[in-house]
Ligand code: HEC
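Below, in structure tokens: the form predicted on its own, a single chain.
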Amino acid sequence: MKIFIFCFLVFKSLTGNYLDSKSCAECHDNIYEEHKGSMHHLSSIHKDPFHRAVKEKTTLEKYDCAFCHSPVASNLLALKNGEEKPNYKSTEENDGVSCFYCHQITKVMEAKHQNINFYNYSGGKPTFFANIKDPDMSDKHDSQSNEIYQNSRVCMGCHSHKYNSFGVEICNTKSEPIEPQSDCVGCHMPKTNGSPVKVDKKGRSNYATHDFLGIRSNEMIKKAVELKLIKTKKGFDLTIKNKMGHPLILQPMRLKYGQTTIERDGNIIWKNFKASPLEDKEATFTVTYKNDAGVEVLPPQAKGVLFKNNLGANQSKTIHYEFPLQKGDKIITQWYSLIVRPELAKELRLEGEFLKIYEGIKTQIIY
């Protein structure tokens, strides 16, 4: 516990001369525009309706999630302990996971409850860290290469694991065993054409995009899994392979599933579920939690796991379906992803993008 408190004091030392993300646009206009629309910038309860709805329903007395959702708040420890409340007028809170925050991380310490980021900043002209071969120096900051940005270790300060106050793990981005070759930055921040700066470009023609592509990207959804259908004597097999370097389900309130139909003479004669994908629990991936009475609750309230279907990094599973197929029958499987389970979105009164169904890859065979 003493180590944990000390680490929060390290966070508080960050507040000497905070540079908000908008200030970075003076030189890094393209990167700022990308970051501005990303979930890193929109991570706080002031900008993310989903995050705000979960907090208001589960932890009104404190803001424990500020550790990762508003990490540059000057009163971070007070927010976490419930001594102070979030303030929508705070620039630091609204900046979310800001440019300044990410590029000040010097190392990541592993801890049981959740990992912890460390900084070297104590005021004055900051040094920004990144995966750079030719560091630039400017009147705003110095720059320096850091290995944790090259091997994606920098992401594990927030995207590793998280336990709630009851000791239940509610998030886990790690695979077991941990894949040392996993490349978070290379996958979620692919190279894009253009220069990272407006001036003194030095012939640089590409940079790592700061959109932080994820579940809201159809491009990423299509890369996530591989689907394979194989005929059998009494039906067919569906194999689902997770192609990612981390588990298929990271944030437990997500919903991902394979929808399979059989068409005969142009008509759908069978589907693996009628109303909800959870009718086919083998082909539906999500995690739900329960309280002591066995009633489903949100992750911060969890005392145990109610339902869990997940795939580890590069892991596969095969589902067997029996059905009296005829020659010429068409079997089609389509992959879908949702930011939040529909019934949960309704409970939290979420609309718009939270009801959107993102389409992944599709495969089919003729029997």
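As the structure is a computational prediction, the values presented were derived from the model and not from experiment. Counting begins at 1, following the sequence as shown.
Unshown form predicted in complex with heme C; subsequent notes refer to it.
Residue 341 within 4.5 Å of heme C in the model of the complex, heavy atoms: Because no heavy atom of residue 341 falls inside 4.5 Å of heme C in the model of the complex, the answer is no.
Contact flag, residue 71 vs heme C in the model of the complex, heavy atom cut 4.5 Å: Residue 71: yes, in contact with heme C in the model of the complex.
Can you work out whether residue 80 and heme C are in contact in the model of the complex, taking contact to mean some heavy atom pair no more than 4.5 Å apart? Looking in the model of the complex, residue contacts with heme C do not include residue 80, since no heavy atom lies within 4.5 Å.
Check whether residue 196 has any heavy atom within 4.5 Å of a heavy atom of heme C in the model of the complex, and answer yes or no. Answer yes; at least one heavy atom of residue 196 falls within 4.5 Å of heme C in the model of the complex.
Look at the stretches 80-88, 257-265, 279-287, 236-244 and give the one with heavy atoms within 4.5 Å of heme C in the model of the complex. Among the listed stretches, the partner-contacting one is 236-244.
With the partner left out here, if you bring back heme C in the model of the complex, are 19, 143 and 221 all within 4.5 Å of it by some heavy atom? Every listed residue reaches heme C in the model of the complex, so yes.
Listed residue that, although heme C is not shown, lies within 4.5 Å of it in the model of the complex (heavy atoms), from 168, 297, 227, 189: Of the candidates 168, 297, 227, 189, 189 is the one lying within 4.5 Å of heme C in the model of the complex.
Listed by sequence position, which residues of 142-156 have a non-hydrogen atom within 4.5 angstroms of heme C in the model of the complex? In sequence order, 143, 144, 145, 149, 154, 155, 156 come within 4.5 Å of the partner.
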